[in-house]
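In the block that follows, a single chain appears as C-alpha cells, in the form predicted alone.
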Amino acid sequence: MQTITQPQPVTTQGGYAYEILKRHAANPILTADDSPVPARSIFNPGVTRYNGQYVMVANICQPHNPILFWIFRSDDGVHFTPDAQPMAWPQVDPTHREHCVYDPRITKIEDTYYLCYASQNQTGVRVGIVKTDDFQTFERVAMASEIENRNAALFPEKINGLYARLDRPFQGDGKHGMWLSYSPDLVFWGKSERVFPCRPGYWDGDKLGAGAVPIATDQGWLCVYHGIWANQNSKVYQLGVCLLDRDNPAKVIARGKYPILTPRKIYETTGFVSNVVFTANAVPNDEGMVNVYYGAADTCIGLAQATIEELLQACYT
C-alpha cells in the first residue's frame, strides 16, 4: 500500500496555492469553432479510452436546438476530431420524453461502456443510462432516478455485488451534498445515503456533486468533484478531490480543503455561464498523468493534468 504523508503547502500557476491541476498549453482544446455543426458552445464532456483512442462525448449547444451529444476521437488525448454525424441516440423512454440531454459520464464495466447523463423534460431532470460496446450503436438501459437528480457517476466495478453510483438529489435548496446509491440491475436504485454535505464558508459551501467517474487506487476511490461558492452577485464552480473507502464508498477517508482548479483564465471566467470549471471524466494517460477534461464557462473544453499521487495528496491538504 502506498503511504500518503501530509504534504507541504505548494504554490503553482501564478501564485494559486494548492491548485494541483496544471492546464494544458493547448487550452482550450475544443471550442464552438471546432463543432461540425453551428454551435454557440461545446462543453462538459465525458471521455474514456477505447481501442487505443480517447473517445469524447461532448455537449454541443446549438443556437436553435437543445443540446446534442457528439462523439470526438483522439490518438493523443489533446487533438480531437468529430464524427461525421451526432451520436445515434436510442429511442426515448416513453415514461420520460427527453427535451434535453447533457453532462455525460462514461464508465467501463468489463467490456461495456455506460453513459450516465442528465435527462430533462417539462417535469424536471432525471438520471438516464445508455450503454454501448463499440461507440457506434447505443442501447437504452433505464431512466434510473426520480425527478430532480443528476450528476450521476457510475463506479467502474460492483461493490459488494451491486452496481454503485454517486449522484445528487437537489430538491429544495440543493445543499444536500453528494449521495451514494446501489442497484442490482442498473434500473432499480436504492440503499441511498449521503456521502458528505456542503461546507458553509468553503469553496463547496453552496452546492456540490460528483464530477469525474471514481478512479480505483490502492488508497481508496479517488474522486474529482465540483463545488459551488456563491455570494449575492455570482456563483463560482470549482473542482476538488476526495478519497472514499473501496468497500464502503459512503465512508470518507479524506477530503481536500482547497480547490484543485479554480476558474481564472479568460475562457473559464467569461462565457455562456461565467466562472465555471466542471468535469465529468478523469482519464489516466500513458505518461503517468491523469487527464481531467472540463467544461469552461459552459462555452469550451479545457484539459488539466496531475499525477495520481498529487491528487491523492490533495485529498489530505
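Note that residue numbering begins at 1 and tracks the sequence as displayed. These numbers come from a predicted model, not from an experiment.
Although not depicted, the form predicted together with beta-D-mannopyranose (BMA) is the subject of the following passage.
Undergrad: Could you tell me which stretch in 45-53, 272-280, 31-39, 254-262 has residues with non-hydrogen atoms within 4.5 Å of beta-D-mannopyranose (BMA) in the predicted complex?
TA: It is 272-280 that comes within 4.5 Å of the partner.
Undergrad: Looking at 189, 102, 163, 72, which has any heavy atom no more than 4.5 Å from beta-D-mannopyranose (BMA) in the predicted complex?
TA: Comparing distances to beta-D-mannopyranose (BMA) in the predicted complex, the residue within 4.5 Å is 102.
Undergrad: May I ask whether 22, 225 and 310 all come within 4.5 angstroms of beta-D-mannopyranose (BMA) in the predicted complex, judged by heavy atoms?
TA: Spot residues vs beta-D-mannopyranose (BMA): no contact at all.
Undergrad: Does any part of residue 150 reach within 4.5 Å of beta-D-mannopyranose (BMA) in the predicted complex? Heavy atoms only, please.
TA: Residue 150: yes, in contact with beta-D-mannopyranose (BMA) in the predicted complex.
Undergrad: If you apply a 4.5 angstroms heavy atom cut-off, which residues in 231-247 are near beta-D-mannopyranose (BMA) in the predicted complex?
TA: Result: 237 alone.
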